[in-house]
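Just one chain follows, in the form predicted on its own, and it is written as structure tokens.
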């Protein structure tokens, strides 16, 4: 599948409309989170420390820069209900964790954001390869992470039943840090065995979520059985992680799948996301563009900017490298200027997503040599 191409004037019009929608959404979100009747205890308390009045001085998205850099330590520890907006009081609350391989994990409260994010993402999936009513396999991290519940909801939203494996990424990180590679391989085999058991049990699974490393391990396990990925019957793969590279994508398409979707009948869409942002979709990936992967945040609910390494309020030029900056704008959660642990290149808007994107995502150079990534 190739990206939609439209005349420059039409693209310019879509970019302008998207910017206007984002400005209005940013204003409404700040009004909600900082009004005494609807805001969360955290932001209402933080308002007293600010050198400006968000209710009066944030009129558009650019005004979000007036907030100080968001500190991820604010998300570590409780009480978690300090993040629950008064306007949502009394509703059932989920807690999802991100990070936390050592020490206290970062936590995010959620009411229905994960459902909304994945319902919106569902609209981007081609029904030809992700059939409505099809059953899914969730081969990824479980436990207190939102992925398991979110993928299950995506499956149910599309009319199917989701089968899940049990995977604890914190244990994987500990194995890596201890150098217990034999144990690591055994645990990976354990997770893949769970997946193979589901796929061989006659449940007619047609779609799946997985990560690049687990997809690679699954394909290798199938080859040892004398089978190919096509033998699973899966036609749609939704995958994500910084380990997603053009090289890996090319290998999957050309070696594991047997060609592009038009020939193999297998479609894979990369995504870039986390507990704070939701899901950034990718432009359709093609051989003609060197399997380049460009991601676009789910505006206006979340915005990704690629900014200078030494000035987080200054975007880099198109095609230039910078650090990834995230702003989350929902009624449940407001995060202004969160500096991700990733970097990449700033990409031009395009027809389906008329706002800036990011490509070449990889660990931020400031921590790349001191962190464990791609554990899935």
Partner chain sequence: MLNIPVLRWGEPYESLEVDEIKHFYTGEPVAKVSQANGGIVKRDMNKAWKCRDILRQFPIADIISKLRVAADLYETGTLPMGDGTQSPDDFVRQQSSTTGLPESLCKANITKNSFVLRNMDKIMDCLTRGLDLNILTKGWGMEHRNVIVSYQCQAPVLGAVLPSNSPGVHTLWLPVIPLQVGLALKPGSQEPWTVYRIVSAFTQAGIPKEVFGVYPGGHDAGGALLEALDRSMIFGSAQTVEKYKGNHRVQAHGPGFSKIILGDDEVDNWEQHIDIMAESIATNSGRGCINASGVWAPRHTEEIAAALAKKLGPIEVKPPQDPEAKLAAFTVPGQGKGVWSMIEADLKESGVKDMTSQYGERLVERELCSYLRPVIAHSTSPDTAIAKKEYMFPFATVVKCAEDQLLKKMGYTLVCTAITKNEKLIGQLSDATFIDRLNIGPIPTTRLNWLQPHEGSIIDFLYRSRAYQVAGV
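Numbering follows the first chain given and starts at 1. Keep in mind it's a predicted model, so treat the numbers as computed, not measured.
The protein also exists as the form predicted in complex with the partner chain; that form is not presented, and the subsequent description refers to it.
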(request) Counting only non-hydrogen atoms, choose the one of 182-190, 162-170, 130-138, 112-120 that falls within 4.5 Å of the partner chain in the predicted complex. (result) 182-190
(message) Counting any non-hydrogen atom inside 4.5 Å, which residue from 79, 103, 233, 290 sits next to the partner chain in the predicted complex?
(response) 290
(request) Only one of 256, 267, 296, 83 comes within 4.5 Å of the partner chain in the predicted complex by heavy atoms, so just point that one out. (result) 256
(request) Although the partner chain is absent from this view, report whether residue 91 comes within 4.5 Å of it in the predicted complex, heavy atoms only. (result) no
(message) Whether residue 197 contacts the partner chain in the predicted complex should be assessed with a 4.5 Å heavy atom distance threshold; does it?
(response) no
(message) I'd like to know whether residue 251 contacts the partner chain in the predicted complex, with contact meaning heavy atoms within 4.5 angstroms.
(response) yes
(request) Classify residue 71 as contacting or not contacting the partner chain in the predicted complex by the rule of any non-hydrogen atom within 4.5 angstroms, answering yes or no. (result) no
(message) On the criterion of a non-hydrogen atom at 4.5 angstroms or closer, are 220, 223 and 247 all touching the partner chain in the predicted complex?
(response) yes
(request) For the heavy atom contacts within 4.5 Å of the partner chain in the predicted complex, list the residues of 55-85 involved, in sequence order. (result) none
